[in-house]
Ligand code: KIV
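In structure tokens, one chain follows: the form predicted alone.
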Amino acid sequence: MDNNTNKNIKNNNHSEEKVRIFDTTLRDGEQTPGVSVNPEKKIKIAYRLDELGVDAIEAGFPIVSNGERESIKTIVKQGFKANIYGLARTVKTDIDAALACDLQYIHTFIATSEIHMKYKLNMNKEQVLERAIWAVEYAKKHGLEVEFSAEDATRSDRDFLIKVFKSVQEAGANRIDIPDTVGYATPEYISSLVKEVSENLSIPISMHCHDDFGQAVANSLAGINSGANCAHVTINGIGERAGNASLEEFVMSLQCLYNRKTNIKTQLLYEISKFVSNTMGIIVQPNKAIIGENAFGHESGIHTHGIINNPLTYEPISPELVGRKRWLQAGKHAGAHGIKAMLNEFGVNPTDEELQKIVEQQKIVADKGKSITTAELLSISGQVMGNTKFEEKFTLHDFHIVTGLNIIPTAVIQLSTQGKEYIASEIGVGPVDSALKAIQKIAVEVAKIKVREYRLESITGGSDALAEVSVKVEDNFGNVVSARKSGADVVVASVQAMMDAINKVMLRKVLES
């Protein structure tokens, strides 16, 4: 399905020019409260960002620590296609720290709003202007390409802001950036501001929008459609407070609503979103646009009926465009069409009478406030149909875990599949992590199956609380199966849920072959 253009929206005069994507996941994204990324993880994320096709990577803020400088230097040495930037205040120590990282590109900034100048900088307009000009000249003298940001630009006096921008352009800045630092602007204001700034400058303009009022992507788009040609974004929209403009939402809005092009390989968006989420430990909300788990999920009977007949009925774009697959959810809102489609994917073809019983049985479970996993739906179907197809393909024989104070949690798993015995051991951050990694080690080797999501909830109180575990696994074709188990021992419940999910996705593989 090709749905890359909304013809109701007119293209602007820049429609043939590719929009530049400046990714600041490793700098502004890392400033998410509670997040700190070590150099090894930073480098891994940088590799994925370059693979995604971003034009620029803001690798960090060199002045903050020795580890930051070392990771930036390493990233610079990788020879990425993307331009590698370091952030610096308009002070000598910051710019020198950037130079020590062997950077060719620098992003330097100073605040221009009254509130920032008075309460943060304790400087007047003349001092701010002088500092801005000096920083650009100093960086240029040392051979750097410079992007200059007027922090809190959208709350700055416009005449003064334009004066600063014109002055840094004369000083040699290669590009200026308009930050909506506290996410206070509206798309209408951004359009007006960018038009006026572009009328007074000859160098390219970037947007850097925060999401305090949920306007970051809309404001970035407004800026691009008014004369800017670059947006600062982060994977999953992470960043300080409410975060930054989301790369995936911004890029797909450009492509599908405005027919604007970027260098982003959109089919990698979901994969890299998950990678960054797992690496940084920031969970993505299920209903997040484009890359949220539910973005292409459907439960309502009305919706699933429409989707089955024509995906355009309830999907604005094809999920494959961003590396996704649509999925249907059993539950009390589900209808016979959706349940039948889910079962057909596993080669299960109930009669009309059997299908009605399956729908009714799964709704009874759903009415108790439980979501219906794929494994549970198949189990209900097996009971109704007397089906013997649901035999285990992976059989767990034994597992044991060593954990404790000052001991690295280690799990050993013994299981059999396809007539062969397998033993695997893995370490992890805890007993559950090590156990699931050990199972996944075998599952990846044998069937290319890996864990996509793990959730743990306590469903009773007290020290003897029961735990409910939900696991989603995915095969190499993007098929996803979920399973859930509960019990007093969270490790045992986790292992059982994992095995159940693997067996169900293996069933699909057997039937497809």
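Just count from 1 along the sequence shown to find any residue number. All values reported here derive from a predicted model rather than from experimental measurement.
The protein also exists as the form predicted together with this ligand; that form is not presented, and the subsequent description refers to it.
With this ligand left out of view, the stretch that reaches within 4.5 Å of it through heavy atoms in the predicted complex is, among 315-323, 207-215, 92-100, 340-348, 207-215. Contact between D28 and this ligand in the predicted complex is found at the 4.5 Å heavy atom cutoff.
The shortest heavy atom separation between L87 and this ligand in the predicted complex is within 4.5 Å.
Interface residue remark: E293 is not counted as part of the site for this ligand in the predicted complex, having no heavy atom within 4.5 Å. This ligand is not drawn, but in the predicted complex it has a heavy atom within 4.5 Å of P179. This chain is drawn without this ligand; in the predicted complex, the residue among S149, T154, S246, S381 with a heavy atom within 4.5 Å of it is S149. Contacts to this ligand in the predicted complex (heavy atom within 4.5 Å) from stretch 92-131: H107, F109.
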